[in-house]
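Just the one chain here, laid out as structure tokens, in the form predicted alone.
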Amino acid sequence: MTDVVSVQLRGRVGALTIDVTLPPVTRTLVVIGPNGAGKSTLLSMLLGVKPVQAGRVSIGAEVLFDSTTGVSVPVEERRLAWVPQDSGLIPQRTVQQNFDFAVRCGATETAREQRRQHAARVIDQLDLGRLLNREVTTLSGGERQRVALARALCIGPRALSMDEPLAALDVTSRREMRTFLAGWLEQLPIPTLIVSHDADDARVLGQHLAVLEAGRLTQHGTWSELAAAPASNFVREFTSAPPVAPR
């Protein structure tokens, strides 16, 4: 059974105040919103990278942050996988070396062995064995994102977060990776939170969408629900984009 991610956060980063209670994330939730709305900041707060003033974050029965009880699990212990927009891979290193780094990072020897076994399964599932000896700089954009996804998953995370995962790809690669990612996430047995500013990505990847505007949740629902009753001009314009070709 998939764990449910529950997020209620309030904090201030620079001039932006984030005050959000997300709908429960059981499968794939895509957070959309205009530039500067706080989408990436929200992910950073969830990961524990940026400060949170108040609220609560939990995955299943495990509480990661609770301002009332003083619980604040360190970043490295939250078991939240993260794929940044630029893939975050170590340049001038091979794919295998990138996996080795993820396996070793912050883990005991017992945990490392578990990660090695999990990494081997993910590499096989994503058909990345042929790339293991390639340097990251020689990979295509789509290959880099697949490797970044696999590296994030090799720690055996409780949940996955992705920040604009397709934004750095050209049109063709983006379409191919979008189709691949949609199919993969349907099978992934953990909840996924994706930040995106692209209507095609949100429509195809998001089983549920949450709209963030000026640091606050203004609407949430399926694509059809948002399109049928947009709560703001942003939502109206975002959902009026013509649909992509069927995948």
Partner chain sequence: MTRWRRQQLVLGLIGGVLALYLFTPLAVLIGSTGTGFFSGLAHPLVWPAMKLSLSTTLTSLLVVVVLGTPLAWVVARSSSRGARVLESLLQLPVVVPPAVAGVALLLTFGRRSLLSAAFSPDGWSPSFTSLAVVMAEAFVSAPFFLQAAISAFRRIDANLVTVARTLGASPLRVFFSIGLPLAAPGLVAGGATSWARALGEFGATLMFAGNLEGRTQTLPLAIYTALETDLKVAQSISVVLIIAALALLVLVRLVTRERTP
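Residue numbers count along the first chain shown, from 1. These numbers come from a predicted model, not from an experiment.
If you look for the form predicted in complex with its partner chain, you will not find it shown, but the lines that follow are about it.
Novice: If contact means any heavy atom within 4.5 Å, which of 198 to 206, 27 to 35, 46 to 54, 177 to 185 contacts its partner chain in the predicted complex?
Specialist: In the other structure, the partner sits against 46 to 54.
Novice: Is every one of Val13, Leu22 and Lys39 in contact with its partner chain in the predicted complex, taking contact as a heavy atom within 4.5 Å?
Specialist: No, none of the three is in contact.
Novice: Taking 4.5 angstroms as the cut-off for heavy atoms, does Arg115 touch its partner chain in the predicted complex?
Specialist: It does: once its partner chain is placed as it appears in the predicted complex, Arg115 has a heavy atom within 4.5 Å of it.
Novice: Taking its partner chain as it sits in the predicted complex, is Cys105 near enough to touch it, meaning that at least one heavy atom pair lies within 4.5 angstroms?
Specialist: Yes, Cys105 is a contact residue.
Novice: Give a yes/no on whether Pro91 approaches its partner chain to within 4.5 Å in the predicted complex, heavy atoms considered.
Specialist: Pro91 belongs to the contact set for its partner chain.
Novice: Quick check on Val75: any heavy atom within 4.5 Å of its partner chain in the predicted complex?
Specialist: Heavy-atom contact with its partner chain at 4.5 Å: present for Val75.
Novice: Go through Ala152, Ile123, Leu131, Leu166 and name the one with a heavy atom inside 4.5 Å of its partner chain in the predicted complex.
Specialist: In short, Ala152.
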